[in-house]
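First, one chain by itself: the form predicted alone, in structure tokens.
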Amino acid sequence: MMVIGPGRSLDDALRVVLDKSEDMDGRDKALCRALAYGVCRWYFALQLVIAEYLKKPFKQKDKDLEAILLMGLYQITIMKIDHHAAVNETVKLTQQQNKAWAKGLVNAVLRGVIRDNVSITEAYLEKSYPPWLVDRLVEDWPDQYKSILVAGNQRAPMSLRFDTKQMSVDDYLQDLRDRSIVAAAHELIESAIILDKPCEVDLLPGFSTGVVSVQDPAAQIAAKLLDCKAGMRVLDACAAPGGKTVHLLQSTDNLHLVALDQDQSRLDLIVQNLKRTGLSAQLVCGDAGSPEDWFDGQLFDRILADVPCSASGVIRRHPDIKILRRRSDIDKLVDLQRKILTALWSLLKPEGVLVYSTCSIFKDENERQIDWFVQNHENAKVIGPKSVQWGDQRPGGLQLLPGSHNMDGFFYACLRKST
């Protein structure tokens, strides 16, 4: 309800709920997560079904009832939970929300769904996304949009990155097997491992000492593209929560790495990751688009510009994006990305390299953004990588579409600054 109404992110909402629920055991928490993610994933399709059984839509003050019905409907139509149990537990929720008057309504709607044998199938695929998002995917990826929609409705696997300097993939996989954790090496990314089932990070061997971190294989590409050398001065812009920061430090010794983020609370997440891995970096709280407020005048050899974006490439991992993101957000994000990219370019040494990164699949944020930048900066040149096994070569960069090689959707562009 915190996602549908107030617009809070699903991860934040779950953190609040689960932290307060000391009486919930692991099984109950897992069911809570499954319900929350599932309802967000199929929110728009579930709404359409409910509307057929209501005489009029809920008022704003009763949006909690809509959320309750969505959870009940998801349990019945997709999770295939016992009908009697699903209806009873859903009706109980109306009392917990102090809206016992709605018990009959909720019961009638769910009983009607059961009577009519309603099932949310792949026929509802496009209806499970907001129309504007489908339209944009059709425009940008007319041949691939259906596979993108399918991938976005899949559950993302739990992916790990292990420190290749500390351990080989075979040794780490054996450590996992010793703990009865089923996993496999990623087919393309040498530092990546895919778990068969998610597990608590405390169960992962080496997590507490930094041998392994949770990170999608697509995000692990950034460090390789940046190609840092010992002694370089490197900026990781928009760095929180610090996954790429840690990867850069583990990949290359003796880096002077500056991790920048404008949110102090998010910088604290980087601190936690650095402490866990025993690494160090210079942390700076500041706006990547306004370096005049924080830049010390020392240019960088490498810059990672992991800019804010629509996150349209990670919907399978964050299905609440379907609910929270708006069509009008994209133009604002494009403007923000241009501001950041232009500002960071001025901080790069001649012959330095900037890697532009998004977890978006919209061309306006990716290849068209790079095309605009190169046209407006004569000293910017797109460079490699060429002949990679992952992603599609696009004008200005490489695009990974969601689900390709079991990775999230990402875009990368490498830009070299001429003298």
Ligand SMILES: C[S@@+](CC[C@H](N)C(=O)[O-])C[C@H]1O[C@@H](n2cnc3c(N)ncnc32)[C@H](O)[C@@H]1O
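These numbers were taken from a predicted model, which means no experiment stands behind them. Don't overthink the numbering: it's just position in the shown sequence, from 1.
This protein has a second form, the form predicted in complex with the named molecule, left out of what is shown; the following refers to that one.
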| property | result |
| --- | --- |
| Ile221, Leu249, Ile315, Ala237 - the one with a heavy atom within 4.5 Å of the named molecule in the model of the complex | Ala237 |
| Contact assignment for the named molecule in the model of the complex, among Lys322, His186, Arg302, Lys244, heavy atom within 4.5 Å | Lys244 |
| Any non-hydrogen atom of Gln154 within 4.5 angstroms of the named molecule in the model of the complex | no |
| Touches the named molecule in the model of the complex: Asp196 (any heavy atom, 4.5 Å) | no |
| Touches the named molecule in the model of the complex: Arg266 (any heavy atom, 4.5 Å) | yes |
| Distance check, Pro291 to the named molecule in the model of the complex, heavy atom within 4.5 Å | no |
| Per-stretch contact check against the named molecule in the model of the complex, the hit in 306-314, 81-89, 174-182, 103-111 (non-hydrogen atom, 4.5 angstroms) | 306-314 |
| Within 56-95, the residues that have a heavy atom no more than 4.5 Å from the named molecule in the model of the complex | none |
